[in-house]
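As a starting point, one isolated chain is supplied in structure tokens, in the form predicted on its own.
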């Protein structure tokens, strides 16, 4: 039936939980585009016949045209939803995505992500005076400026604003400025210790 492959793309996104990016379904997109091409070619042939006096084909032509429009809406919705999820991942993980997430993206989506990342960085440098303003920090208002964190992985040396260098080793605990370690928390290197 017309549109089944297109609606399956939408169902695939719906089945993925919020915040997760399912693998890009290139095969599904290709199948929908092939169906659309076949519908268009059938419509072109029927339109030529309808012009020569076969008016009974008009309802079939309209039905195929509606199917084409529906398939187009489904593909656009699929691609747009994926871009919204990728944009949210930039705010969640920062400018470096985990390999597991990048594996699920197409080359074009990676290119879009890199352009979005550059645009956001340019904007953040342009606001907040000469230093710029990092909008990705403090997504939730902080209750305190310093937090206790536990290191989940060996990270190496980490320098804070006053020039102090801290060695982040696995299972070590530190009391650090929130804004300096929030990015590392999102990357899974540190975890916030709730007391």
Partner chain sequence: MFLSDFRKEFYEVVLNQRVLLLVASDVDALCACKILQALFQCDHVQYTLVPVSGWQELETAFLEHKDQFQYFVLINCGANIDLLEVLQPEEDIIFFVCDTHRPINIVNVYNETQIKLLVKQDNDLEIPAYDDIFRDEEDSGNESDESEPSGKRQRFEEEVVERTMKRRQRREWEARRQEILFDYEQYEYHGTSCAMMMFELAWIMSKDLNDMLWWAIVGLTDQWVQDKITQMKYVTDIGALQRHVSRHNHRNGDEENSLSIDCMRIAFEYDLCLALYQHWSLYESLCNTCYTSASLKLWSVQGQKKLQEFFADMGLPLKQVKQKFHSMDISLKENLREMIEESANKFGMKDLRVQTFSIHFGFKNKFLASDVVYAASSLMENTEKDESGTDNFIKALDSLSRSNLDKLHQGLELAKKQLCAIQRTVASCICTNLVISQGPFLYCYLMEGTPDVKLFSRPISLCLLSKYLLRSFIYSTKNKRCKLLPMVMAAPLDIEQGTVIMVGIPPQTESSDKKNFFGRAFEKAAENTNSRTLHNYFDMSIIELKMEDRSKFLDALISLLS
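Positions refer to the first chain, counted from 1. Keep in mind that this is a model prediction, so the values were computed, not measured.
The following text describes the form predicted in complex with the partner chain, which does not appear among the structures shown.
Student: Mark residue 52 yes when one of its heavy atoms lies within 4.5 Å of a heavy atom of the partner chain in the model of the complex, and no otherwise.
Tutor: No, no contact at 4.5 Å.
Student: Whether residue 159 contacts the partner chain in the model of the complex should be assessed with a 4.5 Å heavy atom distance threshold; does it?
Tutor: Looking in the model of the complex, residue contacts with the partner chain do not include residue 159, since no heavy atom lies within 4.5 Å.
Student: With the partner left out here, which residues of 171-189 have a non-hydrogen atom within 4.5 Å of the partner chain in the model of the complex?
Tutor: Heavy-atom contacts to the partner chain in the model of the complex: 171, 172, 173, 174, 175, 176, 177.
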